[in-house]
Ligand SMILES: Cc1ncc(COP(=O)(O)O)c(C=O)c1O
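One chain comes next, on its own, written as C-alpha cells: the form predicted on its own.
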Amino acid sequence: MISKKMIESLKGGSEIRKMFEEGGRLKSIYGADNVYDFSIGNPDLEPPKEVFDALKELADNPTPGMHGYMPNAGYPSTRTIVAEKRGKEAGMEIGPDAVCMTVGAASAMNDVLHSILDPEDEVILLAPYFMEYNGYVANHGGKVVIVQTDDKFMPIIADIEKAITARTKAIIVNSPNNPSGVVYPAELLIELNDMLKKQDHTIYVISDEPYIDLAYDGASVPCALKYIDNLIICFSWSKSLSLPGERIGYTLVSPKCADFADLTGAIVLSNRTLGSVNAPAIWQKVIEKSIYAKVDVANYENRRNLLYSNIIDAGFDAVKPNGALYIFMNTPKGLDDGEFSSICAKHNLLLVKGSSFARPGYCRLAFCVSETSIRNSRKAFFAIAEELGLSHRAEL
C-alpha cells in the first residue's frame, strides 16, 4: 500500500492538470479552434535560433565524453558563464562555486529546501503563489505559512514580519509572479531585506525566477540578487528559452549569504542524493552558447494585450500583468471561483481557480496559447458576461 502522505496528495491532485485534461476532451468533441484552453502555462513559442544553432553545432562536432558524468554541480564552464552573467546584472563578483546546474527550477527548489529545512521548519509563501510550492516544502518536512498580498498582489512587509517565528527558515518570492504577473519593485525588495536583517536568526529568501526575462511595456525586472543579502535563486530556461521539456536550470547562492560554503555544498549534495545526479550534459553546453538569447517577448506581450482586452471589454475585472504568462482575473461578485470556473467551462473556456493558488475569488488564465484561440475566445467572454448580467465596456 502506498504511503498515507501520498494518499492525501492524490486526493488533491493538480487543478491545472485536471483542466488541461478536460481541454483535451473538449477539443476532441468541438475541435481545437472552438475550445479556449487557458489552463496551463506551457510555452508554445519555439526556442530562439541560437538554441537550434548550438544544438546543431554540438551534434555535428561531438567531443569524447560529452554525454558522460561531470561534477555534480555541473560543468565548470557553464557555471562560470551563469555566474558572470548574473554578477554583471547585480553589480557584484560571483564565482562558479555559487552555481549548481539543476534539472529545472523545480529540482532547484527541492535541492534548496532539502538543504535548509529541519522537520517542522516554516516557509512563508506569499499568496497568490504557484501551488507546487506546497508539495516542495512538504517533501522535506517543512510547514507552509501563507501570507496574503494586497489587492494589487504586492507583498505587505509588515504582514510578513508578523508571520515570522523562531521556526521560520525561508520566504519564497516569485517575480514576475505566477499567477498574477506582477513585478516586485526594487523598493519592496529593499524593504524586505531591511526587515529580515532585524530578525534574530537567518531567514533565507528563495527567489523563484523562471519569468525574469518576460517583462512587458518596456519594463525590466529588478535584480533581487542586488537588493537581498541572504538570497538563493532558483532559475529555469523553460520560459526565457521556451525549453520546458528539457528541464535545465540552476541554483545561485548570493556571496552575501550566511553560511555560503556550507549552503552551496549542501545544495550540490542534495542535487545528487535527490536523484538528479547532475543537470543534462548537452543542455548545459547549449546554454553556454545561447545564454543571452531570448524568446519573442513582444509576441507574448501582444497576446497579453488581446486577452486582457477580451476580459475587460466583456465587463470583467483584472490587474494587467507586467510580466510572466498569466492574467489573474477577479470572479464576479456573488460567485466563488469554482462556480465561475464551471460557468466558463460550459462555454468551452477553461481557466484555473484562484483557490488553487491560495487566493479565492480569482481565476488564472495563461496567455501562452495561439493568437487565434485568444481572438476566438472573445465571443465566449461576452457570452459568459451576458449570462451573468454584466455590462460590456466595448463592442464584441
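A quick note: this is a predicted structure, and the numbers were derived from the prediction, not measured. Position 1 is the first residue in the sequence shown; the rest follow in order.
Keep in mind the form predicted in complex with the named molecule is missing from the figure; the text below concerns it.
- Site annotation in the predicted bound form: the residue of K226, K289, R247, H140 reaching within 4.5 Å of the named molecule with a heavy atom is R247.
- None of G74, P321, P128, P210 but one reaches within 4.5 angstroms of the named molecule in the predicted bound form through a heavy atom, and that residue is P210.
- Against the named molecule in the predicted bound form, the set A105, N174 and K239 is in full contact: each member has a heavy atom within 4.5 Å.
- Taking the partner from elsewhere, Y204 is found to have every heavy atom lying beyond 4.5 Å of the named molecule in the predicted bound form.
- Taking non-hydrogen atoms only, Y133 approaches the named molecule to within 4.5 angstroms in the predicted bound form.
- In the predicted bound form, the named molecule lies within 4.5 Å of some heavy atom of N178.
- Annotated contact segment (heavy atom within 4.5 Å of the named molecule in the predicted bound form): 230-238, selected among 230-238, 141-149, 214-222, 274-282.
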